[in-house]
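This document starts with one chain, in the form predicted alone, laid out as structure tokens.
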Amino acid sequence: MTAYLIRRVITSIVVLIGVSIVIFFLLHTIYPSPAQDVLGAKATNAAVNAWNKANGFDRPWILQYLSYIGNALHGNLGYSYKLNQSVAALFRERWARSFYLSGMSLLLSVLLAIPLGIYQAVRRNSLSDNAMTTVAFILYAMPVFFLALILIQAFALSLHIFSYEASQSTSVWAVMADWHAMTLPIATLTLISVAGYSRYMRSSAMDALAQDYIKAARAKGLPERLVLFRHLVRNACLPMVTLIGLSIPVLLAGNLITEQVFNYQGLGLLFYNSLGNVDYDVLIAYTLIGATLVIVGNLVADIALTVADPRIRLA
């Protein structure tokens, strides 16, 4: 198992290096220097060139990349000239709020999707299964912003049950306590995720129900409850581990839209505003973090699967 984990870690590091090079090159090609933003639109070419030379932006992009990675490893993610603040400080202010939104959505999605998927598999092709499938397909195909607007219109503007705007507190503890403002943002991400998870869980549970060990358990006369909880759930949930690992960066992307719609002061809204402002250092730091989460999510999922199913170590 140790050799397998070492191989997976080395592969992940190589992939991360390759992805970071591509991301840095593309962003550098689109936006090679923030000199114009710092000096102003009326800055002369001589002034721009002098600023680039003083700050290292006149060097080849590969040298700039190596310098950026070296600084990033020491916690320096650059400087936002638009917001006049270091990128690391901006991320420290907001990461906990985004983590709470993503974490709660992911937790609720898994807790809802697993029993729903198993229920549909056990009662496949029934009226309830068809109804749930229809709802799941509608939610799965629905854009995040559209679902958010529907929930705002229904529960905030019409029924006045929840707030149309997320909590504006800078304290994550205050945000967690403000359920009136956070229910709709969390519900938006949860509903989108449950739609996909439940379909995946239904398919996995149906495959497990067709296996011989389930038939043998039933032939022994075990109650259906024990068959489902003792034999079905663990094996049917194994593929979900990979899906959850891959969903971590997807939730980060979903945060971008959800935070913008609900004006939630997290990393997603920071990135959205940085797109409009062409805030180079924020854009590249957020993109690299997203790529890192994809790779780390895959690695964690592989490790979890290896622990849960030793047969994978031989693959």
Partner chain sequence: MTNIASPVLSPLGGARAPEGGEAGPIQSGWRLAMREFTSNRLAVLGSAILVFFLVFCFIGPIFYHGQTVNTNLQATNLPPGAGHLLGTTSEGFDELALLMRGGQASLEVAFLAAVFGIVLGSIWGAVAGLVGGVVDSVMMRIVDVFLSIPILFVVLIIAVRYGPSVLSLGLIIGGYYWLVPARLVRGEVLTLRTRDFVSAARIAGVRPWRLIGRHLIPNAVGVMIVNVTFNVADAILLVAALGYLGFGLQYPTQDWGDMLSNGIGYMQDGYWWLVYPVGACIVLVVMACNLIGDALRDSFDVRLRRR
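Numbering follows the first chain given and starts at 1. Since the model is a prediction, treat every value here as computed from it, not as a measurement.
Same protein, other form: the form predicted together with the partner chain, not shown, and the subject of what follows.
query = Taking the shortest heavy atom distance, is D207 within 4.5 Å of the partner chain in the predicted bound form?
reply = Taking the distances in the predicted bound form, the answer for D207 is yes, it comes within 4.5 Å of the partner chain.
query = Is there a non-hydrogen atom of I138 within 4.5 angstroms of a non-hydrogen atom of the partner chain in the predicted bound form?
reply = Heavy-atom contact with the partner chain at 4.5 Å: present for I138.
message = Taking the partner chain as it sits in the predicted bound form, is Y272 near enough to touch it, meaning that at least one heavy atom pair lies within 4.5 angstroms?
response = Yes, contact at 4.5 Å.
query = Contact between T287 and the partner chain in the predicted bound form at 4.5 Å, heavy atoms?
reply = Yes, T287 sits close enough to the partner chain in the predicted bound form that at least one of its heavy atoms falls within 4.5 Å.
query = Where, among 106 to 114, 138 to 146, 181 to 189, 67 to 75, do residues come within 4.5 Å of the partner chain in the predicted bound form by heavy atom distance?
reply = Checking each option against the 4.5 Å cut-off leaves 138 to 146.
message = Each of V261, A291 and I295 having a non-hydrogen atom within 4.5 Å of the partner chain in the predicted bound form: is that the case here?
response = Yes, each of V261, A291 and I295 comes within 4.5 Å of the partner chain in the predicted bound form.
message = Going by heavy atom distances of 4.5 angstroms or less, which of A219, A131, A174, L157 would be at the interface with the partner chain in the predicted bound form?
response = Only one option qualifies, and that one is L157.
Contact residue in the predicted bound form, from A54, I62, L26, A46 (heavy atom within 4.5 Å of the partner chain) = Contact with the partner chain in the predicted bound form is made by L26 alone.
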